[in-house]
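Let's start with one chain on its own, the form predicted on its own, as structure tokens.
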Amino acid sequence: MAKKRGVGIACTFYGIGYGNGFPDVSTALVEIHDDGSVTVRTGAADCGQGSSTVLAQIAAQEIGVPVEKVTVVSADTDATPDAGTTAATRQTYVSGNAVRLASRKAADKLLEFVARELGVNTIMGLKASDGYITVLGYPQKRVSIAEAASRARLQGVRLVGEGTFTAHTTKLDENGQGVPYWPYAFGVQIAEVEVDTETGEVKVLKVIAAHDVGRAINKAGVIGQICGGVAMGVGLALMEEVVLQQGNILNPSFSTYLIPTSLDVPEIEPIIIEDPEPTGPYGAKGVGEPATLPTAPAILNAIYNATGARLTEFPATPERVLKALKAANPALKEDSN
């Protein structure tokens, strides 16, 4: 049995959001309650990527409360404003900005109330963190956010903020110039594979995945996104294929449409690159689809590096690998005759 190893690399850039000037908008509502807890209302659907956690972290940071005090109500068309689709790696950037704006407005209303109560000229003289509002330079002069919110409520001040954010894109002109996406995500992945030249079987041994996420608001979530993206990229590279015949899908179930299991996922080394995006919430962008895009090209490049066989079609099934090996090495054709 002849096995060969190779290494391949692939790079990607990805435009976050809808693109080409199509309005990419999200709106959020944030309310600070009498007990110091916070409710975030957003249409952003969390389908497993962790957007609700990220939005809670943003609200907590902006208002100055522990994240445990924040409840996110999401994707309820009867109670939440529109935040657009959970697609195009956009929710952290677009809805994150909307939640930050809404949280800031709610927080400023509370700070303005506290400034009057404590005799401070401007809210710039106050700092909110760890559940308390403190007068700068006088750490002993402080009030809990819960107490301040309760007092404000009794005086008829409702601590609600609404924020709307629109991504900064423009349509392309007749010369193809413009800003079709904003911002862009960047990534590079390196794959190591082992190819059995007798059977055509490819085993992915390791993938190193480096991605610029602007700023990782939730590092555990970013790592999960990168690892999940690589796993899906392995499926694209080696096994996932919709088989059609006269418009009919011949493999409509998971018994015939193969996807990676835990035994197929290689060792993954995620590397988080943080180059803050000035227009993002705390510098964040996103890392959804970008984590999948470079994996399959890197694997095909690794197969080429190992064997000299260039594949130009997904997935790289054993049959296709053997065909490419024979095309790259005419001697193999003669041996098979």
Partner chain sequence: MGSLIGQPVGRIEGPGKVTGRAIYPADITFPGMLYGKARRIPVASARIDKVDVEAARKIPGVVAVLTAKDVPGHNGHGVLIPHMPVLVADRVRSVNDVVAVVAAESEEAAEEAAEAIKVEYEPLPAVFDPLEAMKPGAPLVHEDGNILYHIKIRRGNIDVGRKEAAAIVTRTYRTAMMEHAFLQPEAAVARVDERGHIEIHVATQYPHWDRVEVARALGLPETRVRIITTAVGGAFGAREDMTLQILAALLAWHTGRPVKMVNTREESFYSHSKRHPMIMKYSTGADREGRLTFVEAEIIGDSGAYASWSPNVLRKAAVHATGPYYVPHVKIDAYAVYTNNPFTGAMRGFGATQPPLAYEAQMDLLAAELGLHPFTIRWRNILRQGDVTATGQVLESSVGLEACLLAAARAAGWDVERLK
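Numbering follows the first chain given and starts at 1. Quick caveat: nothing in here was measured; it's all calculated off a predicted structure.
Keep in mind the form predicted together with its partner chain is missing from the figure; the text below concerns it.
Remark: residue 327 does not count among the residues lining its partner chain in the model of the complex, judged by a heavy atom distance of 4.5 Å or less. When contacts are judged by a 4.5 Å heavy atom cut-off, residue 43 counts as touching its partner chain in the model of the complex. Among residues of the shown chain, residue 109 is not one whose heavy atoms approach its partner chain to within 4.5 Å in the model of the complex. For residue 313, a non-hydrogen atom is located within 4.5 Å of its partner chain in the model of the complex, even though that partner is not displayed. This chain is displayed alone, yet in the model of the complex one of 122, 155, 261, 177 has a heavy atom within 4.5 Å of its partner chain; that residue is 177. Taking 147, 162, 196, 241 one by one, only a single residue has any non-hydrogen atom within 4.5 Å of its partner chain in the model of the complex, and it is 241. Residues with any non-hydrogen atom within 4.5 angstroms of its partner chain in the model of the complex fall in just one of 114-122, 231-239, 134-142, 101-109: 231-239. The partner is not shown here, but in the model of the complex the stretch 10-29 reaches within 4.5 angstroms of its partner chain through a heavy atom at 10, 11, 12, 13, 14, 15, 17, 18, 20.
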